[in-house]
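The chain below stands alone, shown as structure tokens; this is the form predicted alone.
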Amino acid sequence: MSLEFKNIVKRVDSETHIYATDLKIEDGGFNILLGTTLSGKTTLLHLMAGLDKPTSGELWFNGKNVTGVPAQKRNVSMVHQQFINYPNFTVFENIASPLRISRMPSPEINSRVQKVSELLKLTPLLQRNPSELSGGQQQRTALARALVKDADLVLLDEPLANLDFKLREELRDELPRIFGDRHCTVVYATSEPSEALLLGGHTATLHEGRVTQFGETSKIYRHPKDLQSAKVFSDPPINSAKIEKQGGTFTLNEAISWPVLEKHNTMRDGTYTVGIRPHHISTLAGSENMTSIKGKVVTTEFSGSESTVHFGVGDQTWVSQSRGIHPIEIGATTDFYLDISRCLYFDTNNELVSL
């Protein structure tokens, strides 16, 4: 199965929500839409579902032009960020509702509901009402209703965003297994780069209504084609600054420089933008490719397993993210260690330098 956008544009009055987009999504694994709020993720999902029509362009699914086909005539299921369940229906009836609408025989409905309930661990809850369920159980019910339909296209719009951390991790781990043996195209929208990496598959990075890159998730993360795609795929934000390459040295400012590694020897001398993700800057010395830079600590944040430090680099503020708890005094000037083997270099057009 394939889903293809052909030069699709979406405008509302004079405002463009989706700029001209060509995108082909294949089935197998997750297809992820990654971007911040208002980047266009939900608009793209609504176009895929038939809940909205493009201003121009065509949408093709399984070799057929479905641009003008309404949602109710498409075999599509959608799960939203909010828990959308019928409050007066039991869990069983919530899951069975799309099958009843399609007038499926009761024995087949019972069989399908039982099967999907076992998959999502809802069997003991089938006679309860949504008000008696936890948030995770309610979202499982919404997922079950999407799955029971056996749709050709399943759209998940940040379905785990409103769950607590533990439930979010649990369901995120289960989703690939849940969809692993189903013959459908799955599109999952998220604003979290870490979630995209955990789910794998293919990712489209979005920024202000434009798809900046599409491909295998891990490859896009390691080799973003431009600085904007790298920014979309980094949380905390990627650190970036103008640098100069001269011979065997990169120089950020008079106080910060590092050697050019062998793999970067083919780069011409001149001006570039360096990008380095926060978890490649540590408060502790590490591998042989670490270069020490000094920075003035602005703020610190500690979680149970990580230390995040915001520090000044010239007139910019950079972020370091290290494993473990490393108390550092705010206002102090301290050493940070930059893994130069992980640096990304972008040319004057902000495109990744191919090596």
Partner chain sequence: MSRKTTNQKAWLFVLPVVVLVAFNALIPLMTVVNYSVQETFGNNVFFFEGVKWFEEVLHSERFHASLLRQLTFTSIILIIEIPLGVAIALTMPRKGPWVSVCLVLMALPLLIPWNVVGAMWNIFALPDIGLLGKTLNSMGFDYDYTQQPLSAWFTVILMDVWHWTSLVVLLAYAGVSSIPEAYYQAAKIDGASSWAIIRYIELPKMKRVLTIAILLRFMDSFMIYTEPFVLTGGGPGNTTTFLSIDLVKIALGQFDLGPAAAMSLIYFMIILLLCWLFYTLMMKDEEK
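Positions refer to the first chain, counted from 1. Predicted, not measured: the structure shown is a model, and the values here were computed from it.
Quick note: we don't show the form predicted together with its partner chain, though the next part is all about it.
Asks: At 4.5 angstroms, heavy atoms only, are Ala49, Phe89 and Ser97 all close to its partner chain in the predicted complex?
Replies: Looking in the predicted complex, the three residues Ala49, Phe89 and Ser97 all sit within 4.5 Å of its partner chain (heavy atoms).
Asks: Thinking of its partner chain in the predicted complex, which stretch from 64-72, 28-36, 312-320, 289-297 has heavy atoms inside 4.5 Å of it?
Replies: Among the listed stretches, the partner-contacting one is 64-72.
Asks: At the 4.5 Å heavy atom threshold, is Gln82 in contact with its partner chain in the predicted complex?
Replies: Judged by the heavy-atom cut-off of 4.5 Å, Gln82 is in contact with its partner chain in the predicted complex.
Asks: Any chance Val76 has a heavy atom within 4.5 Å of its partner chain in the predicted complex?
Replies: Yes, Val76 is a contact residue.
Asks: In the predicted complex, is there a heavy atom of its partner chain that lies within 4.5 Å of any heavy atom of Ile101, even though the partner is absent here?
Replies: Yes, Ile101 sits close enough to its partner chain in the predicted complex that at least one of its heavy atoms falls within 4.5 Å.
Asks: Spell out, yes or no, whether the shortest heavy atom distance between Arg140 and its partner chain in the predicted complex is within 4.5 Å.
Replies: Heavy-atom contact with its partner chain at 4.5 Å: absent for Arg140.
Asks: Using a 4.5 Å cut-off on heavy atoms, what residues in 233-270 are near its partner chain in the predicted complex?
Replies: If the 4.5 Å heavy-atom criterion is applied to its partner chain in the predicted complex, 233-270 yields nothing.
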